[in-house]
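Laid out below as C-alpha cells are two forms of one and the same protein chain, each shown alone and named structure 1 and structure 2.
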Structure 1
Amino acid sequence: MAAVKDPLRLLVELLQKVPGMGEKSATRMAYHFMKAPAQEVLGLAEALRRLKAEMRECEECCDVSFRSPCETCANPKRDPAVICVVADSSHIKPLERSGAYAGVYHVLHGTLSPMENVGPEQLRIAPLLRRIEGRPVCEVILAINPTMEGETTMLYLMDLLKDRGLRVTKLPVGLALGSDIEYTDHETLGKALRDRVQVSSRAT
C-alpha cells in the first residue's frame, strides 16, 4: 500500500513550487490555511480549480483571461490599431496604471534567451504577426524590459516588423522619476544623454 503523505507536508511541498516561495513562507501559509475557517480554504480550492478549468489565453492578445477575446480586446474604447507588446501578463497592470495608453496589448509569454534555448517558437510571436497581417495596425510599441534578453527580443521583433509599413517604437531608457544623477550608473546616464529630447528650439 502506498504511503499517504501528511497533508500539511504535502501542502508545504506544493506551495514551494510557487515562484518566489521559500520553505518558510510556504510553512507559514500552510499553517494559516490550517487555522482559517473551512469555508475560506474551500473557497480558495474552488478558485484554484476554476482557474485551471476556465482561464485561457485570449485568441487576440494571448493574455490569460476568463473569456476570449479578453476584456481589453473586446473594449470598443481601446484602439486596436496600436499594439503594445509585453513579455509577461504581469507587465500589463503597471502600464495600465500609467493611464497613458489606450491601445491593445500582446503578451509574448517570455523573452528570447539563446543560452536557455528559448527561441521564437516558444514565444507568442507567430500570433502577433497574424494579428498584424489581419488588421489595420499602425503602431507596435515594444514595452519589454531593457535586459539583455529583453533587448534581444526587441531586436528580433524590430527585424520581423520592418518593411511592413508600421511605426515600431520602444520605451526609452533613462532616468527614473525622482532618481538622483549622482547615484545613476554611467551607462544609463550615457543612454539618457544620447536619447535626450529637445524641449525648446534655439532662439533666432
Structure 2
Amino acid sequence: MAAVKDPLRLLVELLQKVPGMGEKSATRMAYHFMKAPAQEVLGLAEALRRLKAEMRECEECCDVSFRSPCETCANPKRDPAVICVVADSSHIKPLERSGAYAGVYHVLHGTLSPMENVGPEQLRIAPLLRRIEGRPVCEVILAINPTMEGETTMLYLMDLLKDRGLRVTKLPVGLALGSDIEYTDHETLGKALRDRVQVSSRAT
C-alpha cells in the first residue's frame, strides 16, 4: 500500500509544476493557503474545478474560452479579414492591451519542435487553413515569439500561405530574439504591430 503524502508537501510538489514556480515560491504559497480562511481556499479550488470543467476551445480561433465562439470572434466590431496568429492563448491579452489591433486571432497551442516531437499535426494549423479557405481573409499576421521554435513555425506557415493570395506579415526584428510576447510591454507590442513587416503579398 502506497504511503499517503503529507498534504503540505503534496501541494508544494504540485505548485512547482507551474511554469516559473520554484521550490521556495511554491512553499511560500502553500503556507499562505494553509493559513488563509477556508472560504478563500475553497473558492480557489472551485475556480480550478470550473476552469477544467467549463473552459473550451473556440470553434473559430481555437482560443480557450468559456463559450464558443469566444468574445473576440463574436464581436461585430472586429475585422475578420485580418487574422493574428499566436502560439499561445496567453499572448492575446498583451496584444490587446497595446490597443493597436482590431482584427481576430488564431491560437496554435504551441510551436513546431522536433526535439519534443511537436509537428504540424499537434498544432491548430489545419483549422487556420480552413478559416482562410472559407472566408475572405486579406492578411495573416504572425505574432509568434522569435525563438528558434517560433522562427521555424513562422517559416513553415509562410510556406503554407505564400500561394494563397494573402498579405502575410510578422512582427519586426525590433522585438528582440528570444523575447516573450507575454512579458513585452504594451507600447513595444503596439509599435511592433503598427510596424509589422510584410513577408509575402496578395497575388495580383
Partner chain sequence: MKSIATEAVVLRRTPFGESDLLVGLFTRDLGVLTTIAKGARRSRKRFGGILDTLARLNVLIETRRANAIPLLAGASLVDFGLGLRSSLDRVAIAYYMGELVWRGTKPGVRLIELYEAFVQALDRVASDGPMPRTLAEFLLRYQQALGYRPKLDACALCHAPLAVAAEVAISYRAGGVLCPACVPSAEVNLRLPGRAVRSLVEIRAQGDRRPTDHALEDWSAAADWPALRHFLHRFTQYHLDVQPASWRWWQRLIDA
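What we label the rigid core is the largest C-alpha set whose atoms superpose within 1.5 Å from one form to the other. Each residue is numbered by where it sits in the sequence of structure 1, with counting from 1. Note that this is a predicted model, so its numbers are computed, not measured.
A.B. asks: When you get a sec, tell me if the form predicted alone is 1 or 2.
C.D. replies: The chain shown second - structure 2 - is the form that fits the description.
A.B. asks: After the core is matched up, is the C-alpha of Met115 off by 2 Å or more between the two structures?
C.D. replies: Yes, the C-alpha moves 2 Å or more.
A.B. asks: Just grab the Cα shift of Leu193 between the two structures for me, core aligned, in angstrom.
C.D. replies: Leu193 is displaced by 18.4 Å at its C-alpha.
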